[in-house]
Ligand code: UTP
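To begin, one chain is listed below as structure tokens, in the form predicted on its own.
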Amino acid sequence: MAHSFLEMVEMVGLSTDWSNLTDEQQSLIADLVENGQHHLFAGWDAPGTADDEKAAFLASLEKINANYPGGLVGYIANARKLLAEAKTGANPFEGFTPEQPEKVDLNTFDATMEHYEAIGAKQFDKVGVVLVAGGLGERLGYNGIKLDIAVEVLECTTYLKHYADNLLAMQARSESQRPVPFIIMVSQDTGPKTRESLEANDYFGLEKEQVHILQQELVPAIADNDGALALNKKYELILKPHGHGDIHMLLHTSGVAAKLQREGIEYLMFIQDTNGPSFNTLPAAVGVSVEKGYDFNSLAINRIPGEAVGGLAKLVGNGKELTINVEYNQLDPLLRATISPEGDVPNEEGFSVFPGNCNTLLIRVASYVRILEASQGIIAEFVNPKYTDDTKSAFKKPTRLETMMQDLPKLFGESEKVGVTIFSRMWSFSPNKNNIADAAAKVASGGPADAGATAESDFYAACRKRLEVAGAKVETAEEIKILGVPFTLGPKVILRPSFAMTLAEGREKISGVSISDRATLILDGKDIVLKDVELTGRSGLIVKACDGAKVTVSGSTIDNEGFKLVELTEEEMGPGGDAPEYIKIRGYRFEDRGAALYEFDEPGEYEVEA
């Protein structure tokens, strides 16, 4: 039977090797051939030739078949359906009209925001954090994982350490002080280096048991509209990422989501690898979800029309309504076909009609686990092939099916409530995703840079805002451009999460403070108080205090040379330059010219009069 089957599909070469295959391999090959994939096995070599390559190829097919819900046959079927829709230009929103979602606007740092922060801060021991970190830093010009890039280069804190510091701060503030679960989705590319970074730094103070690493698998690329799986070469598939929507399937199949629910975790916050401001929003976002009863809370910004950021809208029609993210390339056609003939144009405030998706999500665990169990964690896939011409008969290069984690509400029923919380951009959304050249081009065309320099500049700006809310007098320096990318010169302020995670905490610890436009202030420790302190000129003040060290800095005028920004030379920026990559992707470094540093490593009470 095997030989007649192979002869029928013109793969006589495989017949000589058929008896060497397992029953499972034979069955998988038969399924693939019956689903139009005979090209994968054409020209199969006889036993003794390329045996290692053949074994690796079959192992790859078996692994993908086991990992993808529905197996490879299901993947091919889904691909054909979606490719057919893409070719005909099917409108996924046919019959729907966009309306404003239910939303809470926290752009202003007022009593409303503090109200929600106070509610959220009481829930810290019921929150887990999910970090989607499947990407390398190649696009940024960084040879490594993006989590190892520095958020800021005054003290060179990596994104991974910054996130760990926030988890530790949450733990310290909760009544139970229970470890905050930290789930990291990695890829084959980032997994080893992420583990290496955690282990080399003793998990940045976290307990190893609170960190759950889930690895995302790759999916086959597709060569044509018929769903033929693409080969890189004989016996080797082209494999590509499936998208960050895989996190839902992984949290289900690993059992982690259900386990966290049993342990009393009520909310999961999903964040991206290099969006440093995410934790600024966490207390208030949790507070909003608790008070409003949101099962799914999408964090948002005021969006610039045409920006490559999706719009959050409530779609009404076909007898139902659904609050979801509409991708930026779909938003303009949707608006033109429904409520705005001119498309994605500015409103009276200069922003897009609908808030922009930050891809920071807060999900209620009880609803989440129920939906995962019903769906097996499989969310809507999409395909975005690049065609060679208008006939859409051939691809420029192989494509693949993708998923996005923000599409989870497509699985929701009437009982699940979806809302949107809008924050200031610098407070919530400043991703580091573009290299300097691309960032400068985006700025020149009127868009945000979303680069290392702007992410760092916004990092300081958010901390300046905490000072201002606390009543400090803050002079803000001018914005300059470094290699075409904007950067605000100062003051450079770092208030570590150990010092403050809410606006109220900052107000309790800061009074009578003034800081000049080029000064630098770094505070790290929960019991540091600044009272009647002035930082003049380019002065720098750094105060670090361990747990149990109560430090009061009062009645002081800080006057020193602080830190100076130095732009890199062409030689330093070049391939042979000795500047570290995390510096090169910014184009500048800081030199310490004599900032005042006070460190307290032993518990006790201390007074500082600089």
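Don't overthink the numbering: it's just position in the shown sequence, from 1. Model, not experiment: these values are computed from the prediction.
There is another form of this protein, the form predicted in complex with uridine 5'-triphosphate, and it is not shown here; the text below is about that form.
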Completion exercise
None of 357, 454, 272, 424 but one has a heavy atom within 4.5 Å of uridine 5'-triphosphate in the predicted bound form; the exception is 272
Fill in the blank from the handout: Residue within 4.5 Å of uridine 5'-triphosphate in the predicted bound form by heavy atom, from 244, 466, 518, 526, is 244
Practice task
Using heavy atoms and a 4.5 Å cut-off, decide whether 122, 126 and 287 all contact uridine 5'-triphosphate in the predicted bound form.
Solution key: no
Practice task
Go through 109-117, 231-239, 131-139, 440-448 and give me the stretch that gets within 4.5 Å of uridine 5'-triphosphate in the predicted bound form, heavy atoms only.
Solution key: 131-139
Handout entry: Proximity of residue 146 to uridine 5'-triphosphate in the predicted bound form, heavy atoms at 4.5 Å
Key = yes
Practice task
State yes or no: in the predicted bound form, is some non-hydrogen atom of residue 488 no more than 4.5 angstroms from a non-hydrogen atom of uridine 5'-triphosphate?
Solution key: no
Practice task
Find out whether any non-hydrogen atom of residue 212 is located within 4.5 angstroms of uridine 5'-triphosphate in the predicted bound form, and reply yes or no.
Solution key: no
Exercise for the section: Determine whether any heavy atom of residue 539 comes within 4.5 Å of a heavy atom of uridine 5'-triphosphate in the predicted bound form, and answer yes or no. Expected result: no
Exercise for the section: Scan 406-442 and note down the residues that get a heavy atom within 4.5 Å of uridine 5'-triphosphate in the predicted bound form; none is a fine answer too. Expected result: 433
Practice task
Say whether the C-alpha atoms of residue 156 and residue 137 sit closer together or farther apart in the predicted bound form than in the form shown here, given that their separation changes by 3 Å or more.
Solution key: farther
Problem - Relative Cα spacing, residue 404 and residue 138, in the predicted bound form - shift of 3 Å or more - result: closer
